[in-house]
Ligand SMILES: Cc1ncc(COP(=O)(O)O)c(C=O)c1O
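Starting off, we have a lone chain in the form predicted on its own, written out as structure tokens.
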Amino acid sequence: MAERNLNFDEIIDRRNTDCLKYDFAKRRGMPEDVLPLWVADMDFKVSSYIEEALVKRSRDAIFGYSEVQTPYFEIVADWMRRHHQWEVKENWLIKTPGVVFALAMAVKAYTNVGDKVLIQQPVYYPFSEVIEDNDRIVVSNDLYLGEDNKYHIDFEDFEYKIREHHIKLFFLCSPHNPVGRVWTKEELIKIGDICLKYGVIVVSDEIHNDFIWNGDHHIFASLKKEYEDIAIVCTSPSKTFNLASMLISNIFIPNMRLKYKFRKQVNAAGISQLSVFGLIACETAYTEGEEWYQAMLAYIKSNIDYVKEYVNKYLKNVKLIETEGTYLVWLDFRKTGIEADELDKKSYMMPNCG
């Protein structure tokens, strides 16, 4: 069977499909015809191999409790080996219904109520939510924009915040959402060594690790053997293959003590098995989805290049921050004079022109 779903120019009408970003605009106080830029999923059909695998499984017409065995792990491990040069072990793996869920489980597993958790703002907003909603306190080592038009880490402040606030847990976003940084090996080692020094557990959200435009992505736990003792690495096919509603993520925890604590919280949350469709989608994506993945990457890269050219040509007071990874772009509007609240409203209210 040849891959069929490679026409990324095809406009898919997602309205009336229970689609969060289109069908729920009105409920969120926005016009129904708004062009939504606030949900990070792609308006592309998934690989036809995934489509066919899900249709085939649905024809069995039995949807009882389901689980996968060693072949599932071997498929995921092969993807990590081929694309990220990382050798993983089966007893490291815990499957969860999403990376944000895993972040919340880590907060509950490794901190107590009232503890402080370190993040690096600006960062994906659920990082703060899962901390605050679990009655912990957010501490931020804010990133800063350098003269090279890239965001950087203030390592002196990073260590100070850990020491001053008795940090036990740090959320690393790698590649970083939304500023698009692909952290260098040297940057990640600086982070890792400081966290080792103070006994800080690192939850590394690497969900965008398949979208790299400049530089190389380094799995945090792979950089030093010692990092395996402090690392929880969060991965998923959901961004790469547009499978967010399949609710499947693969979390790797090499330290068995940390894994036990994490597993205990997953069990306490009532999660035992995941959706059979998510499991099948992941297996099929990683075994049959390479052609679709490579074509999608080329298309996304051309979109990023187009946006960069357009901004430079027509939006003189707007600066596009250098995009090294993820499928997001981060725009600097500070020179426009538009206040943050007004800008936030405009980003929702952009008319749908096509």
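In this text, residue numbers run from 1 along the sequence as written. From a predicted model like this one, the values you see are computed outputs, not experimental measurements.
Missing here is the form predicted together with the named molecule; even so, the following discussion is about that form.
Q: Would you mind picking out the stretch of 223-231, 182-190, 199-207, 133-141 that comes within 4.5 angstroms of the named molecule in the predicted bound form, counting non-hydrogen atoms?
A: Answer to the contact question: 199-207.
Q: Can all three of Ala77, Thr240 and Gly289 be found with a heavy atom no more than 4.5 Å from the named molecule in the predicted bound form?
A: No, because Ala77, Thr240 and Gly289 lack any heavy atom that approaches the named molecule to within 4.5 Å in the predicted bound form.
Q: Report the residue, out of Val46, Ala40, Leu54, Ile304, that has at least one non-hydrogen atom within 4.5 angstroms of the named molecule in the predicted bound form.
A: By the 4.5 Å heavy-atom cutoff, the listed residue in contact is Ala40.
Q: Counting any non-hydrogen atom inside 4.5 Å, which residue from Trp86, Tyr72, Tyr110, Tyr124 sits next to the named molecule in the predicted bound form?
A: Exactly one listed residue reaches within 4.5 Å, namely Tyr124.
Q: Cys282: heavy atom within 4.5 Å of the named molecule in the predicted bound form?
A: Cys282: no, not in contact with the named molecule in the predicted bound form.
Q: So, in the predicted bound form, is Gly98 in contact with the named molecule at a 4.5 angstroms heavy atom limit?
A: So Gly98 counts as contacting the named molecule.
Q: Contact between Asn177 and the named molecule in the predicted bound form at 4.5 Å, heavy atoms?
A: Output for Asn177 is yes: heavy atoms within 4.5 Å of the named molecule.
Q: Contact with the named molecule in the predicted bound form for Cys173, defined as at least one heavy atom pair within 4.5 Å: yes or no?
A: It does: once the named molecule is placed as it appears in the predicted bound form, Cys173 has a heavy atom within 4.5 Å of it.
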